[in-house]
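As structure tokens, one chain now follows by itself in the form predicted alone.
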């Protein structure tokens, strides 16, 4: 069966868990920004957690199905509708033949997910179907979804589960857990305390590569750069100016800024859903 994209939203891409096996080759992992929400969508449909799905940022998409299919929508609340009627999130939805599914701007959260009872047919690149737009690989020719694109769903299956899971609550102010990073000890006690006692605001310049934070500038040590070294999703780098940047799904594999802390997996998912202008504080997990 097929779905046709009627409107593409702000930035909707195909994502799975990412291509972790090629980090040593300098290829970014990509994958879900909020893995918890994405895995929930797949789980509702009895798909494997890594099944490719549609990830939407801030503004949802609109599409038409050419046949009946079950879907699940999770993550940011983009007020989904089927044929103009509002429907619930975090449950299995039965979409009729020629059904039109539409989502609008997110009232809470940043990233929404649409999973299908089947698998979107796209070829894997370096072991993953995730889209990496900067290098035009994965997904549909390495592009974000566009109006007029047609996606084929292989092996569509009937899902008759009526259970609904608890709706996620996304706040505009959060505290996230982190672990000391490789360069933590290079910072003075004053700088460490400054970082942990500060409240940071998500910058409008944030994206899938990194979430830039604005607020108190961290006092830097004399050695304020390192030889380019490994970074992963959740690494918090401090720029030479003293600004924190949290590496996210599309982050490069190495960087030369000091790595002050690393977020836990739960914290990464929490931060992914924090909107622009939202605030965050950090707490070292012991």
Partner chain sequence: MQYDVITYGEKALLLRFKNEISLEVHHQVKSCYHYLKNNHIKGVVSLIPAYNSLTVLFDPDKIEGKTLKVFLENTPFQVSDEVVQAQKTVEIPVCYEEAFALDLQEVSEKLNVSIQEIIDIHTAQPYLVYMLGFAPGFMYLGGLDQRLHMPRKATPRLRIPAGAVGLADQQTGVYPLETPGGWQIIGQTPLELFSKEQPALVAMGDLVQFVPITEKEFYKIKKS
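If you're wondering where the values come from, they're calculated on a predicted model, not measured in any experiment. Positions refer to the first chain, counted from 1.
In what follows, reference is made to the form predicted in complex with the partner chain, a form of this protein that is not presented.
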| request: Work out which of 57, 220, 232, 40 lies within 4.5 Å of the partner chain in the predicted complex, going by heavy atoms. | output: 232
| request: Answer with one of 111, 170, 187, 132: the residue that has a non-hydrogen atom within 4.5 Å of the partner chain in the predicted complex. | output: 132
| message | Within 4.5 angstroms, counting heavy atoms, which one of the listed stretches 63 to 71, 24 to 32, 238 to 246, 40 to 48 is next to the partner chain in the predicted complex? | response | 24 to 32
| said: Even though the partner isn't displayed, in the predicted complex is residue 200 close enough to the partner chain, meaning a heavy atom within 4.5 Å? | reply: no
| Is there a heavy atom of residue 285 no more than 4.5 Å from a heavy atom of the partner chain in the predicted complex? | yes
| Hey, in the predicted complex, does residue 13 get a heavy atom within 4.5 angstroms of the partner chain? | no
| residue 137 near the partner chain in the predicted complex, any heavy atom under 4.5 Å? | yes
| Judged by heavy atom distances of 4.5 Å or less, which residues of 230 to 265 approach the partner chain in the predicted complex? | 230, 231, 232, 235, 252, 253, 254, 259, 262, 264, 265
